[in-house]
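Only one chain comes next, encoded as structure tokens, the form predicted on its own.
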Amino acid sequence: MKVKVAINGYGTIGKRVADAVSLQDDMEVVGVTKTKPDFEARMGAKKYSLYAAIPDRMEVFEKAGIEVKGTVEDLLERADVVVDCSPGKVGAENKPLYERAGLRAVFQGGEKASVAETSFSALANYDDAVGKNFVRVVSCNTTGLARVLAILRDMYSIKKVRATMIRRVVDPKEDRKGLQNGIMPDPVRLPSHHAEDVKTVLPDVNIVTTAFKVPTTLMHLHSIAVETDDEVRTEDVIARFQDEPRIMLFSKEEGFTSTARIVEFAREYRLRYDLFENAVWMESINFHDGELYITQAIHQEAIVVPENIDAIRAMFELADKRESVRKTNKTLGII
């Protein structure tokens, strides 16, 4: 059985999810959508069947010389599940369309948790998505936090987590908006929403988060402090992270002094410089006065891609957690 997957929104996340789905032996991409005939639509039409996300814009695509196979409604008739990669809050508006079509749907972290039956991060709560109709993959920042904390939760008794996120202001292609010269508390009133989002997949973790936007587009950076009831040996944490394919360790001694250096490595390492893994600085892993400290970088354009694949497998009960994660890692080159 191959699950027929529709991608509604062929943008930063959507095009990456589409390519990832196309690598799976138990899934296939039946089509993607765009709202306007831009360069992404033109490229998407070369790789996949393209559909108009807004039905009355069919003629706009045709005038631009981009072939569309039909409207989003036509696409949904061909699918078993839709991965909604539309801009934040638009997914919730699309949900009634999916319900009328009798389709399952995967939403992204820009939506509120209430849009789905469960929020999802594969290492944290894979089984919660098994057999569900509507699943929300948590945001890039939440995914990065949830992976690390899911591992540490299995190793130690966590009392409290404090995490500060230094956030890229926009994605690289968004040249019409963004913070140009400054640092922005986001939100100003603390704590930030990320802690509550983490609790949607790790409800037993006591976590408080703060967040700041800075004028960069490459990656997010997290400074994490985990208070534990146990004595922690940093070498044990390093060893466990080394064993987890979705965590990648970087060392200052090898020249990784900033996110710019990590991205330069990723440009050589993988297509589109996609880093699906958490990028953790090895030297940052340190236990002091009852707290474990970790600094990591998150590639916001890519980190949630494997989670979308695992979510589909869980929803259709194609594999258990271990097998799904193994298959996803293998196809995406996560080693």
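If you're wondering where the values come from, they're calculated on a predicted model, not measured in any experiment. Don't overthink the numbering: it's just position in the shown sequence, from 1.
Same protein, other form: the form predicted together with nicotinamide-adenine-dinucleotide, not shown, and the subject of what follows.
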For the spot marked by 185, 192 and 222, is every residue within 4.5 Å of nicotinamide-adenine-dinucleotide in the predicted bound form through some heavy atom? no
In the predicted bound form, residue 296 touching nicotinamide-adenine-dinucleotide (heavy atom, 4.5 Å): no
Hey, in the predicted bound form, does residue 168 get a heavy atom within 4.5 angstroms of nicotinamide-adenine-dinucleotide? yes
Although the partner isn't part of this model, could you tell me whether residue 301 comes within 4.5 Å of nicotinamide-adenine-dinucleotide in the predicted bound form, counting any heavy atom of the residue? yes
Please check if residue 119 has a heavy atom lying within 4.5 Å of any heavy atom of nicotinamide-adenine-dinucleotide in the predicted bound form. no
Within 4.5 Å of nicotinamide-adenine-dinucleotide in the predicted bound form by heavy atoms, the stretch out of 104 to 112, 198 to 206, 242 to 250, 148 to 156 is 104 to 112
Select from the listed residues 53, 27, 68, 280 the one whose heavy atoms reach within 4.5 Å of nicotinamide-adenine-dinucleotide in the predicted bound form. 53
Using a 4.5 Å cut on heavy atoms, which of 238, 232, 214, 90 is close to nicotinamide-adenine-dinucleotide in the predicted bound form? 90
